[in-house]
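In structure tokens, the next block holds one chain alone, the form predicted on its own.
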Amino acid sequence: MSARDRILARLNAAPVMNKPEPDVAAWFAEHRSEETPAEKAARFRHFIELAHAEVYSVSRGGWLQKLWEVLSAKQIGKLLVAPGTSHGQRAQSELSALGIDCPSYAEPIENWKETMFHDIPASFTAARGAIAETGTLILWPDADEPRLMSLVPPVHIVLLDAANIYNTLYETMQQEGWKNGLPTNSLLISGPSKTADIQQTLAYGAHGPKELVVLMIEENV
């Protein structure tokens, strides 16, 4: 018998110790207080801004004006959008009239990889929700808004409805029923891409967008 077999035999012969599952719900109920939507929005904003994201409060009908202002301030004349979504369709329709080129992700990446990686300065997607405790956006990419839209362009602009901000990741998973199914890719984004791998010097944009802009829809704006 080899050493490996002897180790496995001892492990298999060890008595099974049944332990109760931890009461996760009770822990969160004791350690995380309930917050109003406004308090959750404020906490989300505080933490994601600490990670160098830009956050703008916008109204449900006025977010396009702020999107235009952000693009103008950054001198961005081209924005990748998803016309298969309501927000992407609106952005493409109204920004094009204002002189912003709004291409869409309309074909396999193999057919336009060079353009995507070298000629798209910014993209615009929506967030499914967010987590206040960590200042984290939740994105569920799909056929209309593929994952590369939030990974490749140097500037990523995200539309977030503050009504979909949860206190914690646990609350998000419970209320959205994540145990019943997840997409192929789900993204948790807590700021621009950054790394300190080289000489512990923090650099932005190493593995993704170097700028993250959040347009947060709030009812009191």
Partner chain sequence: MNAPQTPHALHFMPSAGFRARSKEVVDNPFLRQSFRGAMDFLMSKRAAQFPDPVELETLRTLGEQIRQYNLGKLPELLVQLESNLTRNGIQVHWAETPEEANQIILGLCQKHSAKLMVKGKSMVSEEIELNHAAEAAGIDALESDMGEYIVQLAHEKPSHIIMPAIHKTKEQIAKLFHENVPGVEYTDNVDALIQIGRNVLREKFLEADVGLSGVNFAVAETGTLCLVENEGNGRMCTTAPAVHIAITGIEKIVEKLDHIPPLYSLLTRSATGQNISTYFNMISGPRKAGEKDGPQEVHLVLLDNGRTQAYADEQLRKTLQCIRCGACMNHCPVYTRIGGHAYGTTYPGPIGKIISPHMLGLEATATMATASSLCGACGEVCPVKIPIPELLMRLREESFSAPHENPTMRGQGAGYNATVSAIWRGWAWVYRSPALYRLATWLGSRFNWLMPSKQGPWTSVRVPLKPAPKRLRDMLKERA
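Residue numbers count along the first chain shown, from 1. The model shown is predicted, which means the values in this text are computed figures rather than measured ones.
Unshown form predicted in complex with its partner chain; subsequent notes refer to it.
Contact check for residue 113: a non-hydrogen atom falls within 4.5 Å of its partner chain in the predicted complex. Taking the partner from elsewhere, residue 188 is found to have a heavy atom lying within 4.5 Å of its partner chain in the predicted complex. Although the partner is absent here, residue 59 is not a contact residue: none of its heavy atoms lies within 4.5 angstroms of its partner chain in the predicted complex.
The closest heavy atom approach of residue 98 to its partner chain in the predicted complex falls outside 4.5 Å.
Of the candidates 102, 127, 151, 122, 151 is the one whose heavy atoms come within 4.5 Å of its partner chain in the predicted complex; the others do not. This chain lacks the partner; the member of 173, 42, 29, 163 within 4.5 angstroms of its partner chain in the predicted complex by a non-hydrogen atom is 173. Contacts to its partner chain in the predicted complex (heavy atom within 4.5 Å) from stretch 177-196: 178, 179, 182, 183, 184, 185, 186, 187, 188, 189, 190, 191, 192, 193, 194, 195, 196.
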